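Shown here is one chain on its own, the form predicted alone, set out as structure tokens.
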Amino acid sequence: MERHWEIVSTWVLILAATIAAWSLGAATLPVPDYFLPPPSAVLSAFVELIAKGMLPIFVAESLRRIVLAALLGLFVGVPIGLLLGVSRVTADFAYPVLNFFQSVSGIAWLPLMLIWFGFGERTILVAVNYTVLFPVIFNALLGIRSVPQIYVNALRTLGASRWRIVRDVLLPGALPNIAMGVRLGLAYGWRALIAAEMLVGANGLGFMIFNAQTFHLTARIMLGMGIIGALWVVLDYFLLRPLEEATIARWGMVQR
């Protein structure tokens, strides 16, 4: 607990120093107000968007899309990765393919997706789901293949069925990799989501930022950037990171 409060107090001091330096720079630098608005302008933009009911809509739309992508990764990506990883031959074939598509991010696919699906919700969902799906599949496959063969052979000698081996050995052994894949996939997907919302022009935090730059509403842009970062920190620190650590603590005993 003491360590926790030390970390919190350190970050509070850093944040306070950053805001103080920001305020000083905005007040003294010879630049237009829209170039570097003070923190008070960003706070005013926050209050204005809340009062108009726009900010909750933008936040809710972005969260809805990333939650849908997370569900797809869990209920589609994980089973596909496990199935591919069960067979060594299939895994060896799928590894370079998955590695290739994982390296080509959804942002790189956006121009093609705009041609194929147009400027609409479908393009955003396809881009985000693609970006989340492949890291999840890839890490689930790696998780299966990381389980030492001796554990599988031990259950076989005891007469265990293939389903029993998958349930009691392969799946638990793959869980740390799966948790890491979900965390990485959502991190990549969050970035792709913001970029897609900017280009497509649908509701969301990316749209809010891109629309604000058209009218030189710099305070609103900075507010959107802060909310994007803060939402991910909360999601990662309080949900994904504890989930990954708990999974590793419970099932991370498997070594090559």
Partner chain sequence: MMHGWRGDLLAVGRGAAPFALILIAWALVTRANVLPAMFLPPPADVARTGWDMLKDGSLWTNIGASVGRVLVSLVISVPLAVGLGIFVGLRRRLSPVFEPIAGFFNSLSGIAWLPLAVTWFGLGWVSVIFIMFNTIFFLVFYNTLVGVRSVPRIFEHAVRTLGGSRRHIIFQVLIPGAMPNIVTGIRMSIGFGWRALIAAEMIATSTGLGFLIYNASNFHQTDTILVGIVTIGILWLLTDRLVLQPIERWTVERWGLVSSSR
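Note that this is a predicted model, so its numbers are computed, not measured. Numbering follows the first chain given and starts at 1.
Beyond the structure shown, there is the form predicted together with the partner chain, which is absent from this document and is the topic of what follows.
Residue stretch of 40-48, 222-230, 53-61, 66-74 approaching the partner chain in the predicted complex, non-hydrogen atom distance within 4.5 Å: It is 222-230 that comes within 4.5 Å of the partner.
The partner chain contact at residue 26 in the predicted complex, heavy atom, 4.5 Å: So residue 26 does not count as contacting the partner chain.
Proximity of residue 218 to the partner chain in the predicted complex, heavy atoms at 4.5 Å: Output for residue 218 is yes: heavy atoms within 4.5 Å of the partner chain.
is_contact(residue 198, the partner chain) in the predicted complex, heavy atom dist at most 4.5 Å: Yes, residue 198 is a contact residue.
Contact flag, residue 102 vs the partner chain in the predicted complex, heavy atom cut 4.5 Å: Output for residue 102 is yes: heavy atoms within 4.5 Å of the partner chain.
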